[in-house]
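Have a look below at one chain only, the form predicted alone, in structure tokens format.
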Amino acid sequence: MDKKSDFKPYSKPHSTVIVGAQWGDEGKGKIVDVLAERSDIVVRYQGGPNAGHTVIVGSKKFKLHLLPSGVIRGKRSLIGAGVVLDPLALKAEMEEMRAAGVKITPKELGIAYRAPLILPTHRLLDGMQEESKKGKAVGTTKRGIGPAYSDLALRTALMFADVFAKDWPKKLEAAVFAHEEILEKMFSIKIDALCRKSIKELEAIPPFFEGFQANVNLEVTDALDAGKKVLFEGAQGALLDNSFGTYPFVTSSHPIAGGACIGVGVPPRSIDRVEAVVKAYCTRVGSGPFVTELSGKVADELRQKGGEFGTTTGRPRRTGWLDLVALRFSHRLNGFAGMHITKLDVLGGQPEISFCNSYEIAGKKVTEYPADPLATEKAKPVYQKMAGFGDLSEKEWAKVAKEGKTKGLDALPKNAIAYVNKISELSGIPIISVSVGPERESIIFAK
């Protein structure tokens, strides 16, 4: 070819993907919030309003569902095409953030033209489909996520760009009618008054979002080519990935690092680094295999002390000891350069801490995560134990966090250091930071 390609290579890629390494709820929001301070752009690449990222700033608690965590820092925040967007939910979230003093204008927030929409009827479909599964229900949030991604695969989805079309009301009416047909024929229900009200609100929504349209793919590409720092934020966790998680008890998208390329529209070589967020123990919401799940006193203590209730649903989370077999599998899927260990303080006060480094399946020792989802359901944890460490009360963790600025991880209690080092050793993932509390200031970076 005589003509040179117009494609510009990324001369100075400074991009990092943040991935939840377990089943979600690892504390990604706080980590992204802190790393956003060092970034130019934060972009959300998948999921929908089923996500729940909590960021605590001083006495204020911000609960984010669709907005990228970078908005709290006033950073340019983008919602990629891989995110299914509920315009009514996003509008309510933006209004709530503005009421709390967070500035959100088209300067701070951009939304991909190609982001598929979640309609009020998607939520109805989600609920009915979940109920129809009875004993085999997945445990979805019933926010319309699965049906919205289904429409995208069927090539019938409405996208954010459609909101600004002259015939938006007609497009919306046609999509709703198609859903009505399914609801009536498959589930024998009609759209209720509340849903009708939401549809009317959606018809009138274009003026609210005017100016927020963005060519996210181009903007991120240009930023990377200019050497700017881009932070890619995922939702849920790697073990809920639609292809590689505990199927069918998974989410409808790809939380793994590769999902960032698809959800934003950037080539794999543009990803400079992938970092994991790992909770010091494990939790899971909804149905599905959970090899290290606990019940009884310790489970209740971890749940209450860790505030293990869903940000989006309020549902109590299932709790268990750390599963290193699953973590190594997550590492294999994502290629983590390092990890941020969160909620270490929740384990404080336990006289003894257990972790799982292998499974027993049909009488055989297994150290790698099973490829067969059915095998995972039959797995039994093989635990190893370590001495616990003292209770990190709010006063104590504040002291540890303060000392961590100069001492790094050496500021932690001796047994706590031994525990996090063991996690690193057995998972093969270097430690970037450890959190000993919910505040921004509670993150201790390894020196």
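Just count from 1 along the sequence shown to find any residue number. The structure displayed is predicted, hence computed values, not measured ones.
The protein also exists as the form predicted together with a small molecule; that form is not presented, and the subsequent description refers to it.
Want to guess which of 161-169, 174-182, 103-111, 278-286 is within 4.5 Å of the small molecule in the model of the complex, heavy atoms only?
In short, 278-286.
Given the small molecule in the model of the complex, answer whether the residues W23, G52 and Q236 all have a heavy atom inside 4.5 Å of it.
Yes: W23, G52 and Q236 each sit within 4.5 Å of the small molecule in the model of the complex.
Considering non-hydrogen atoms and a 4.5 Å limit, which listed residue (S77, T292, T376, T141) is close to the small molecule in the model of the complex?
Contact residue from the list: T141.
Of the residues K190, R269, R98, R315, which one places a heavy atom within 4.5 Å of the small molecule in the model of the complex?
Exactly one listed residue reaches within 4.5 Å, namely R315.
Is the gap between M94 and the small molecule in the model of the complex 4.5 Å or less for some heavy atom pair?
No.
Would I145 show up as a contact with the small molecule in the model of the complex if we use heavy atoms at 4.5 Å?
Looking in the model of the complex, residue contacts with the small molecule include I145, since a heavy atom lies within 4.5 Å.
Contact of L224 with the small molecule in the model of the complex (heavy atom, 4.5 Å)
Although the small molecule is absent here, L224 would stay clear of it in the model of the complex, with no heavy atoms inside 4.5 Å.
Would T251 show up as a contact with the small molecule in the model of the complex if we use heavy atoms at 4.5 Å?
Within the cut-off, so yes.
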